[in-house]
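For reference, the chain that follows is the form predicted alone, supplied as structure tokens.
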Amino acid sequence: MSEENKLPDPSKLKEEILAKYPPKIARKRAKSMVINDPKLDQEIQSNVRTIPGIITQRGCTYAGCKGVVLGPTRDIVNLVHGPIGCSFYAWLTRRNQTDPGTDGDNFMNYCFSTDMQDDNIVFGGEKKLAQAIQEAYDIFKPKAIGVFSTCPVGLIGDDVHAVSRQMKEKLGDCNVFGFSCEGYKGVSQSAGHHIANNQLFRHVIGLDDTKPTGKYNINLLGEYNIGGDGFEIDRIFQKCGINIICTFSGNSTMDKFANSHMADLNLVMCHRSINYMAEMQETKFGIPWMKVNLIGAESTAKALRKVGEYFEDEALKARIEEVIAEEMPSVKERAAKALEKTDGKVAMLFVGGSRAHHYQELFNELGMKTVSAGYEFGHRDDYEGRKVLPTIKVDADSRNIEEIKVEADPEKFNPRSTEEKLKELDEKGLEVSDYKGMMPDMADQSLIVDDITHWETEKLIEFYKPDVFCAGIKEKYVVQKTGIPLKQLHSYDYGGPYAGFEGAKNFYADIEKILSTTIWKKIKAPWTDKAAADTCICAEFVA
């Protein structure tokens, strides 16, 4: 990187942030803040408990299981065993979209809960759960009912799995299974992703051996159709002649889950939420996987070309190039217009899943630099790449999450490719069954922060003065009060889709609007008004 484009050294910023904390907390937080050097193998602390009393972005295990992974599936009744607030919290908050057609089931519009009361907490809620399952079946006749444990359920010992088994046997034609996803089960919503993957794999995957009709059959893992992203991705793959058997979990159905083991290849979008499924399907059924990014026009084109290389079909490769050639002119035209406002601007991304990595591609296309980024529930492999997996220590919190033993299925295991071919593809840069992580793609001296705190957010904004800050709804208004516009990338507010070629154009337009809005300059950040700063009441950390 040339000197004029080099990022400012954030060493003093890091020191100033840590100086505010008590020594023990400062030592811990220091490990989660890395000044990036792509030439080095740097280690970042992640997937550890948030320090009590510090405000961060994280959600709970239940939110990751029900809200993220199972929430976008339209024909399963997602029944929450717990107080009504938990179910309401995870009900349509991520703007997952779905297309049930003219006669398909769609239960996503409903909020299902056992609505546990005080007497259920005291005397147990298993009878109420069984009654709720029966009632949901009688009214909706679903193919499946998922039962999700919340914190009180784990504390009083209700066995959602035993009740689910009993009701499955009683109902006969409805697949009923439970999730031990109590909110406190892990350090973040990441634990819920793992639990959801395990139970889907155990109870649903592999139930339907119907052979797909398409020539090139794939699954798309870690795409949740927020704001219609999945619809745009489906359009592109269909245009190329590639058949998506199942998306985990945007616009998904139980039948598609059950048939997903018949795919030739798995493409992984959100590595954190779904890598477990990719690994388990590879082990049991012989399906290789590749990490892709369909956020950004150039990234989408790269992903399509990777699929063409995998299938080694010249006709498919030619069709992919035709599609890219058809789509890119309008993308470049829209980008050129936006560049008048966006070129040279600065962005920061603190978003869950792989989004803090993926959206850097879109900002690159807008000529914008990402100076700082991080995940709210990432693991070390999301930052450093899967090469570090053997060195990650399993702590007590991780042991709370069941590791199910997966072996090659004696009847259904069918290696889709030879070891020699996979090695050859890997040498071509396809990264089969691998992911290099976010840090190698970030600029020298960019600041990477895991599980960023409220205090750290304020100091980073003061230091970098970004033109746009990307995070979630919890951070939106706090950040905007500093005079910095926030682009909400968890549910896109009212925007999207942002995936694929059309999504890139939508994103260009939205960022151009944000950077063209002068209202943000009217807001004064607290530290710009000395008089106000002198009279404000500030929180202090006590050792």
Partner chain sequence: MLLRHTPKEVADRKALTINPAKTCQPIGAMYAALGVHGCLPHSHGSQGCCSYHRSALTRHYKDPIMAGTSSFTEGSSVFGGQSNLLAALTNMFTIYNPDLVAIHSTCLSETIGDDLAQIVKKATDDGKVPEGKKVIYCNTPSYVGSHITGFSNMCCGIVKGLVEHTGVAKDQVNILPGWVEPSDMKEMKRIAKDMGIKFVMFPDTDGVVDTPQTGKFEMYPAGGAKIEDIATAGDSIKTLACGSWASEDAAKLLDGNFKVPYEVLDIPVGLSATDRYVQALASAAKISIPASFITERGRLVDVISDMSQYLYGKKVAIFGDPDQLIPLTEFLLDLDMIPTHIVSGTPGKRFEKKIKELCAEKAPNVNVKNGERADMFLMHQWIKNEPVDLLIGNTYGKYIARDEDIPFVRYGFPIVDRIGHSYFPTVGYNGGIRLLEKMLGAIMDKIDRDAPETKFELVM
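Numbering follows the first chain given and starts at 1. These figures come from a predicted structure and were not determined experimentally.
There is also a form predicted in complex with its partner chain; it is not shown, and the following applies to it.
For the candidate spot formed by 52, 102 and 117, every residue has a non-hydrogen atom within 4.5 angstroms of its partner chain in the predicted complex. Of the stretches 211-219, 225-233, 185-193, 419-427, only 185-193 has residues with a heavy atom within 4.5 Å of its partner chain in the predicted complex. Between the options 458, 467, 159, 365, the residue in contact with its partner chain in the predicted complex by a heavy atom within 4.5 angstroms is 458. Contact with its partner chain in the predicted complex, defined as a heavy atom within 4.5 Å, holds for exactly one of 283, 414, 106, 238, namely 106. In the predicted complex, none of the heavy atoms of residue 35 sits within 4.5 Å of a heavy atom of its partner chain. Taking the partner from elsewhere, residue 152 is found to have a heavy atom lying within 4.5 Å of its partner chain in the predicted complex. Under a 4.5 angstroms non-hydrogen atom cutoff, its partner chain in the predicted complex has residue 139 among its neighbouring residues.
Interface residue remark: residue 131 is counted as part of the site for its partner chain in the predicted complex, having a heavy atom within 4.5 Å. Contacts between 70-88 and its partner chain, taken as any heavy atom within 4.5 Å in the predicted complex, involve 79, 83, 84, 85, 88.
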